[in-house]
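Shown next as structure tokens: one chain only, the form predicted on its own.
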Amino acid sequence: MTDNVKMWTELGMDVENHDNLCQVLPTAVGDVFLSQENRPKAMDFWDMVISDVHGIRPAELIEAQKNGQKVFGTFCVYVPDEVIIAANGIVTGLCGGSQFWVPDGEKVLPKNTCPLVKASVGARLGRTCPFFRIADIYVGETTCDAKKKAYEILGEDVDMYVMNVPQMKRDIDIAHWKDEIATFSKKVEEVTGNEITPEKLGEAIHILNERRKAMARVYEARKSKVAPISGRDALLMTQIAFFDDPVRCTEMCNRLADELEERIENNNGVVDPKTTKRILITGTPMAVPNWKLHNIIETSGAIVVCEEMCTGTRYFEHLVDESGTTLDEQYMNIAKRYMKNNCACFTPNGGRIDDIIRLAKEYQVDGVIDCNLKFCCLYDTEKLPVKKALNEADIPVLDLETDYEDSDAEQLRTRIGAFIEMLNA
């Protein structure tokens, strides 16, 4: 802890205010994760990481910077990590999942802005997140109007690069996205001082494909009726993947998947499959440490077996074609893979509805919970067509809206409890 305080101080953080966050986090981790029974032993890695989330990985990033590497802070799954890794850069997600950061964000953003955006800005301006202090450059994207304006604020004192994500998925849009990735690569080369070659980009593509495969193995295990892992633990794994070294992440995910497959074979689940309803969650992504919805669901008689969101299946589904031998071919292959993600920013976005129904069947769910953060108009607007499609597919659905406050926890618990009772009936 002493070393962490020294590190935080040297980063220019508000250590006194940050202490208030540090005092709350251990209790939350204990209540949400450590209180569970019969957890996979392999979760010890993620327990270690989250128990010192502002210490272990930040220290690694700082050491890498001393060795000449550059750190790129990102906000979205559309930023192509392959390009950054190919230039020997490091990718880290940026914090934005706690009410703790929202008040500082509201000093410069309207209150009726998505809490994810307010928290991200507040984490930087309040100087209480080491990842925002460490990153040499932030990389944003045009998937949300609120984020686009927030990037202007963040760019006032930090190098801020924004990628222009197409809003449609025609061939012309995919070609545009390929050009955008190629342009971004020039910026990455400028920041890192390293040239991106087809060989290096090919290696980076392979590294991230291996991570996707490893995470997919864990999710594949969640399809089993045995339910070898809770939704809370799977969510934590996915959230930490945004911050962790990708090679280590692959190793740890494969280690976890090995154990889950063994638990399935031995019929060793974390819940009673005969009495526990299986839930798929879709909607706004859940950044660390946003565990509220999963925790309520899984302490109300159900288990979350899949997340159709950016902190879920969108992060690892679909591999980049590794056959490209030129940068132009590789950029196109990367573009095609990322354009398969069905974010609510696209129009039309029927692919997301198709994904929800497909995943609901693959994961053998009893019901779907569609939840958006307050003031996220994209996912809020899509609730109606999602609900209509699920009703037509005879899949029960509950739509919710929440934020990072705990004030609505009991209301959510009542509605979720009633939904689970309905599924039982």
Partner chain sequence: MRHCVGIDIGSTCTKLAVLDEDKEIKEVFLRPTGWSSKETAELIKDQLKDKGIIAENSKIVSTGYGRASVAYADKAVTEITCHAKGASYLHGAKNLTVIDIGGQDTKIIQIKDGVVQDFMMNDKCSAGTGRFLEVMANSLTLDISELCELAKQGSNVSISSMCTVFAESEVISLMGKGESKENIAHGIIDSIINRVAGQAQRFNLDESEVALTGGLYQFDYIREKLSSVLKKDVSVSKYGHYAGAIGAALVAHDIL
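Residue numbers count along the first chain shown, from 1. Here the structure is a predicted model, which is why all the values come from computation and not from measurement.
Below: the form predicted together with its partner chain, not depicted.
Its partner chain in the predicted bound form is not approached by His18, whose heavy atoms all lie more than 4.5 angstroms from it.
Taking non-hydrogen atoms only, Trp8 never approaches its partner chain to within 4.5 angstroms in the predicted bound form. Although the partner is absent here, Glu421 is a contact residue: one of its heavy atoms lies within 4.5 angstroms of its partner chain in the predicted bound form.
Its partner chain in the predicted bound form is approached by Lys387, whose closest heavy atom lies within 4.5 angstroms of it.
Taking a 4.5 Å heavy atom cutoff to its partner chain in the predicted bound form, the contact residue among Ala59, Ala42, Val29, Leu398 is Leu398. Looking at 410-425, the residues that come within 4.5 Å of its partner chain in the predicted bound form, counting any heavy atom, are Gln411, Arg413, Thr414, Arg415, Gly417, Ala418, Phe419, Glu421, Met422, Ala425.
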